[in-house]
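Take a look at this single chain, the form predicted alone, given in structure tokens.
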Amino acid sequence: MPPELTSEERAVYEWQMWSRGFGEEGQRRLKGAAALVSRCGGLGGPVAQELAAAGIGKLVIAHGGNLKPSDLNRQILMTHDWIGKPRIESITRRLGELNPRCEVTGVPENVTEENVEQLVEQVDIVFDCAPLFNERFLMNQECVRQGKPLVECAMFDMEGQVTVIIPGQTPCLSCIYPEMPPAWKRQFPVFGAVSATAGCIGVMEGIKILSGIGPSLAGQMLYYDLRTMNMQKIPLQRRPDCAVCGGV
């Protein structure tokens, strides 16, 4: 059974509980849920922030490295005085200040083959916000293995895309990208508002999955271009020969 809400929680989340189909039951389900956010930068920062603000019960954040000046145009859980210090410390501190009721576990590492199983085991849903495809493929494979939903958020320059992967029901990331995209670079053009758009859409997809309040982007990819303000939903197909989910 989902945990009960305290009187304080009812006051904090009152306005979102007015949303049709969500109510107190949806809020209780969110309180009882745990989510993993891989990388907490321009994409993952807004994801973690909005999940905490919405009242999720537990967040596991995996993000290594120290803060650099070039991070500050988009990484909203960072502050200028934290340059040169571990990003995960700023992340956990800021999330705790926003919502002290949310349990935040900070992992000062990026997702690797060595830690991915243990990270995914702790949660009910995964939000993939990593800039590198090797991390994305690792989380996709582990989510398929453990049967846990994965919200895929990505962006480049003025464009972004979000999809939801439900193991056994939808295409997985390896269906969409059978091979590592060629010449993918770690650094690329980014506005914070563009990455935050993908992150916020991804959060609402996760909330819908956890609370059961409506159809998600499962089996579809939402693509947007903020330069032209075009947006479309693209149907996705499973690959029967997919090395990751073909037998699921």
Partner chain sequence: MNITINGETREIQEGTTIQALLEALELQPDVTVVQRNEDIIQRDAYEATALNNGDTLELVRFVGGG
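Positions refer to the first chain, counted from 1. Bear in mind that the values here come from a model prediction, so they are computed numbers and not experimental data.
Just so it is clear, the following notes concern the form predicted together with the partner chain, a form of the same protein that is not shown.
Asks: Have a look at 138, 107, 176, 102 for me and say which one sits with a heavy atom within 4.5 Å of the partner chain in the predicted bound form.
Replies: The residue in contact is 176.
Asks: Heavy atoms within 4.5 Å of the partner chain in the predicted bound form: which of the stretches 108-116, 78-86, 149-157, 93-101 has them?
Replies: Going through the listed ranges, the match is 149-157.
Asks: Check whether residue 221 has any heavy atom within 4.5 Å of a heavy atom of the partner chain in the predicted bound form, and answer yes or no.
Replies: Residue-level check for residue 221: yes, a contact with the partner chain.
Asks: Going by a heavy atom distance of 4.5 Å, is residue 239 a contact of the partner chain in the predicted bound form?
Replies: Contact with the partner chain, yes.
Asks: Should residue 37 be counted as a contact of the partner chain in the predicted bound form, where contact means heavy atoms within 4.5 Å?
Replies: Answer no; every heavy atom of residue 37 is more than 4.5 Å from the partner chain in the predicted bound form.
Asks: Does residue 170 make contact with the partner chain in the predicted bound form, using a 4.5 Å heavy atom cut-off?
Replies: Residue 170 lies outside the contact set for the partner chain.
Asks: Any residue of 111-134 with a heavy atom within 4.5 Å of the partner chain in the predicted bound form counts; write them all down in order.
Replies: Heavy-atom contacts within 4.5 Å come from 129, 130, 131, 132, 133.
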